[in-house]
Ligand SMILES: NC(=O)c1ccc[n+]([C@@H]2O[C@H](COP(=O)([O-])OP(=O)(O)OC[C@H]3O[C@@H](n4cnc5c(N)ncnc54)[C@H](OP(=O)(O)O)[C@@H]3O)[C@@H](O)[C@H]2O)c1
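Next up is one chain by itself, shown in structure tokens, the form predicted alone.
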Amino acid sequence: MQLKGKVAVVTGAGRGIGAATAKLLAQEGVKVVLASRTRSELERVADEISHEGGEALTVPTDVRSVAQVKAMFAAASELGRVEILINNAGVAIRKRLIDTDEKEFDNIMATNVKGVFLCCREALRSGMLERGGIIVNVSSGMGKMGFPELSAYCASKFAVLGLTEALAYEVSPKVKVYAVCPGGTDTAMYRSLYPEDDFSKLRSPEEVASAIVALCKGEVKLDYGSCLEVY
């Protein structure tokens, strides 16, 4: 599928997988809306895209907020109708369940699950349901298997897979809905969780981004609602 000229919203676009995905989409001629909570990170990514001849709009957004998600999509409409949504924003902590407090758990679920819900809902309401599009929700290998000291994060990423599958049944085939489940990826979040690891053995954010863009282009054939594993 030709992506040139389409508009994409990418959350968590300031670094890691989100930034890499936004850059690859821009290389395909996509007008990219960059969303995250940190303006300086978004502006750096936007500058890189612009330097390569792409088009990017920065919209600092907390995906936990209904009002901010609505404002983000309103800003995105200035570039055209949103046809691609990449839900990548996420947070994690490494703690045993017994040591995790309610505020920490709520923050992970609000960002990783509620944020996906709010962005999907707003994308559909803004015209995607009537005119079609694609949604890619970034889950994790930890959304398919539980890992010790990551109970809250695993719970949130399992939830993303359930949301993805259910939504696909509701809106396919007009709106194509998929998940991506990366294994260990060399991102700032992974390094903060596992500082003792050998990072040279991890895949790069660009590898995961390539899989996401391949989904958007229709180069990977999956059943709607399925998860593309990137290991």
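For every residue, the number given is its place in the sequence shown, counted from 1. A quick note: this is a predicted structure, and the numbers were derived from the prediction, not measured.
Keep in mind that the form predicted in complex with the named molecule is not shown, yet the notes after this line are about it.
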| query | finding |
| --- | --- |
| Partner-facing stretch of 144-152, 85-93, 125-133, 98-106, counted where any non-hydrogen atom is within 4.5 angstroms of the named molecule in the model of the complex | 85-93 |
| Non-hydrogen atom within 4.5 Å of the named molecule in the model of the complex for each of 28, 210 and 225 | no |
| The named molecule: the contacting residue among 62, 165, 206, 55 in the model of the complex [heavy atom, 4.5 Å] | 62 |
| The named molecule contact in the model of the complex: residue 189, any heavy atom under 4.5 Å | yes |
| 4.5 Å heavy atom contact, residue 176 and the named molecule in the model of the complex | no |
| Residue 70: touches the named molecule in the model of the complex, heavy atom cutoff 4.5 angstroms | no |
| Partner proximity in the model of the complex: residue 44 to the named molecule, non-hydrogen atom cutoff 4.5 Å | no |
| Contacts with the named molecule in the model of the complex, stretch 155-194 (heavy atom within 4.5 Å) | 157, 182, 183, 184, 185, 187, 188, 189, 190 |
